[in-house]
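Single chain ahead, written as C-alpha cells, the form predicted alone.
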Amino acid sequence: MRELKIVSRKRNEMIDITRDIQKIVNEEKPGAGIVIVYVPHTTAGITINEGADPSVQRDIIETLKKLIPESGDYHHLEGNSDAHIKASLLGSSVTVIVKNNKLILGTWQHIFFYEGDGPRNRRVYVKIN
C-alpha cells in the first residue's frame, strides 16, 4: 500500500491526482489488476470525472455548494457539516482497472481528490491488487 500526501489550498477544491496514481502504478509494475484509491477523511472524497475541461470541476463544486450550502440548519458543532455531506455523496474510494501497467480510464476521465473543508494536509491511500 502506498500513501499520497495532498495539500489543499481552498475550502472546496478538486485536485487531479491521476498522474500521481499512474506514477505509483509505473513504480509498482503490477502488469494487470486493480487500483483502489481511498480517502480516510470524513470531509474529503474521491471521484472520477472529466479532466480535460476544468470548468467541469468548477461546475461540480458550485453545484455541491448550491445543493448543500456551507451555512444551514446543521446540528454538528464544528461548522463543517456541509463538507461531511458532500464527502458522503462523492464517496471515499474509487477502483480503477490496470492493464499493461496503465490505468484504464475513459478518454476524458481523471481521478480527483475532493476537498470539502480546506485548506488542509490530507492523505490518500493507494492499494494495487
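A quick note: this is a predicted structure, and the numbers were derived from the prediction, not measured. Start at 1 with the first residue shown and count on from there.
Separately, the form predicted in complex with another copy of the chain exists; it is not shown, and the next lines address it.
Give a yes or no for K65: in the predicted bound form, does one of its heavy atoms lie within 4.5 Å of a heavy atom belonging to another copy of the chain? K65: no, not in contact with another copy of the chain in the predicted bound form.
Going by a heavy atom distance of 4.5 Å, is Q22 a contact of another copy of the chain in the predicted bound form? Q22: no contact with another copy of the chain in the predicted bound form.
Does any heavy atom of S55 come within 4.5 Å of a heavy atom of another copy of the chain in the predicted bound form? Yes, S55 is a contact residue.
May I ask you to check whether G33 falls inside a 4.5 Å heavy atom distance of another copy of the chain in the predicted bound form? Output for G33 is yes: heavy atoms within 4.5 Å of another copy of the chain.
Heavy atom within 4.5 Å of another copy of the chain in the predicted bound form: which residues of 43-76 qualify? The stretch touches the partner through T47, I48, N49, E50, D53, S55, V56, R58, D59, I60, T63, L64, K66, L67, I68, D73, Y74, H75, H76.
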